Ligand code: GRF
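Presented below, as structure tokens, is a lone chain in the form predicted on its own.
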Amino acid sequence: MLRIVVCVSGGGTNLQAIIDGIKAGTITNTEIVGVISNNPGVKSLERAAAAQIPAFVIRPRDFAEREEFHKAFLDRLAELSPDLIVLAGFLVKIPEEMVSRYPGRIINIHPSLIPSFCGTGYYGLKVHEKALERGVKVTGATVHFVNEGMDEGPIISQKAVQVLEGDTPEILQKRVMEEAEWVLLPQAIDDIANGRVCMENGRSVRKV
């Protein structure tokens, strides 16, 4: 059984997609052992409570130094003993030590077709604002393993989503979630849980 910890910052729609996938049996051999949020009072925590999943709030602002936050965050992860850490809209830069401690065991969902509209400053609605400003006709989402770089880890899967005339950032965000994010992330977790996908020698590898 793959033990996963889901890290969130806001509404938790991807968390809900994972919860629903496990309940429906589209994600197999997997259990969520904890949810960590850097914000109190967010919908993600309500979703975790409704699913009876232990949830924890660890805020950078509650610590005098960033290193203290990193230690508290890593200590909580160690207590939960995850096989896989899922960054599902987690808007905090993770500590470098986390990458070395959990090599090939951290994945992230990003709302664009990497390498487009990714890296520092590209998160949440900002990604879709920039895509519309650039006038792209196709966008999408990417699931990737996490390395030391920002959105630079090996890509697991991507799914394209059409940009339509009259789209606002909010409308496009919703379409990307529905058509790509909520599909890709559960699939990736199920693939990892069942040995179909892994990271080897810094590359994403899909087993036959």
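One-based numbering along the sequence shown. All figures in this text were calculated on a predicted structure; none of them were measured in a lab.
Below, we refer to the form predicted together with the named molecule, which is not included among the displayed structures.
Between the options 146, 36, 48, 177, which residue brings a heavy atom to within 4.5 Å of the named molecule in the predicted bound form? If I apply the 4.5 Å criterion carefully, the residue I get is 177.
Could you check which residue among 109, 118, 85, 94 gets a heavy atom within 4.5 Å of the named molecule in the predicted bound form? Looking at 109, 118, 85, 94 one by one, just 109 meets the 4.5 Å heavy-atom criterion.
Please check if residue 173 has a heavy atom lying within 4.5 Å of any heavy atom of the named molecule in the predicted bound form. Yes, residue 173 sits close enough to the named molecule in the predicted bound form that at least one of its heavy atoms falls within 4.5 Å.
Evaluate residue 12 for contact with the named molecule in the predicted bound form, applying a 4.5 angstroms cut-off between non-hydrogen atoms, and reply yes or no. So residue 12 counts as contacting the named molecule.
Okay, which stretch from 72 to 80, 98 to 106, 129 to 137, 85 to 93 lines the named molecule in the predicted bound form, with non-hydrogen atoms inside 4.5 Å? So the stretch in question is 85 to 93.
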